[in-house]
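One chain is shown next in structure tokens, namely the form predicted on its own.
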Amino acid sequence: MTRTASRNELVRKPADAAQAASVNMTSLTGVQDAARHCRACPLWENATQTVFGEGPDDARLIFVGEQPGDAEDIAGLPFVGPAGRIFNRALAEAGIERKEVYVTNAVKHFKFEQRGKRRLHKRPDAGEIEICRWWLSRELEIIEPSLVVALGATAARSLSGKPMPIERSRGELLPFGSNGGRMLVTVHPSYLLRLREENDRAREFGRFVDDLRIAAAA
């Protein structure tokens, strides 16, 4: 089999999993049920479970992160770990109710490297991002948000279909989709966790909140 044929086969597998599960692919519940069976890339083998999006199916605003982390993989819910706590605090300061928005990830399984008892995050590669776009596209089609916020480079790549430098596009309301939607690009909250200096963390948290305020106003 040629490399192209093999990749096309992989891209079709999420749809095959959905068909095999005999679920309704026009509802978030149906898509979530189907995603539990996805074997389109190797990430499912070591992950605890598929971590799907969370929030109302009529949300006007969607936040897309990179992938679930260790805490999310165990809980089965997006943004419940350390980065999730920063995200929640930033949402509150920006005047956004988390229960009113939809939160998901570009990649639905936790990719990690085992170091002793610790599971260390590994960034998804381009192939894994591309394969998992099928599920993210279903979420977007069902919810039809007015604004999508890409949290970090992986989310921006998944949504745009190409690499996007964060700082070059950050804070701008960009056209998205064919129905007049828009996209805003900002950093992933885990970026703030990696900053060592307290002053740097405070400054960058403020910038992050400013970006979310743009989303709230839009």
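Everything numeric here is computed off the predicted structure, so don't read it as measured data. Start at 1 and count along the sequence shown; that's the residue number.
As for the form predicted in complex with a small molecule, it is not shown, yet the points below apply to it.
Problem - 4.5 Å heavy atom contact, residue 186 and the small molecule in the model of the complex - result: No, no contact at 4.5 Å.
Exercise for the section: Find out whether any non-hydrogen atom of residue 128 is located within 4.5 angstroms of the small molecule in the model of the complex, and reply yes or no. Expected result: Residue 128: no, not in contact with the small molecule in the model of the complex.
Problem - Partner proximity in the model of the complex: residue 72 to the small molecule, non-hydrogen atom cutoff 4.5 Å - result: Yes, residue 72 lies within 4.5 Å of the small molecule in the model of the complex.
Exercise for the section: Indicate whether residue 79 is a 4.5 Å heavy atom neighbour of the small molecule in the model of the complex. Expected result: Because a heavy atom of residue 79 falls inside 4.5 Å of the small molecule in the model of the complex, the answer is yes.
Handout entry: Location of the small molecule contact in the model of the complex, chosen stretch of 60-68, 40-48, 171-179, 157-165 [non-hydrogen atom, 4.5 Å]
Key = So the stretch in question is 60-68.
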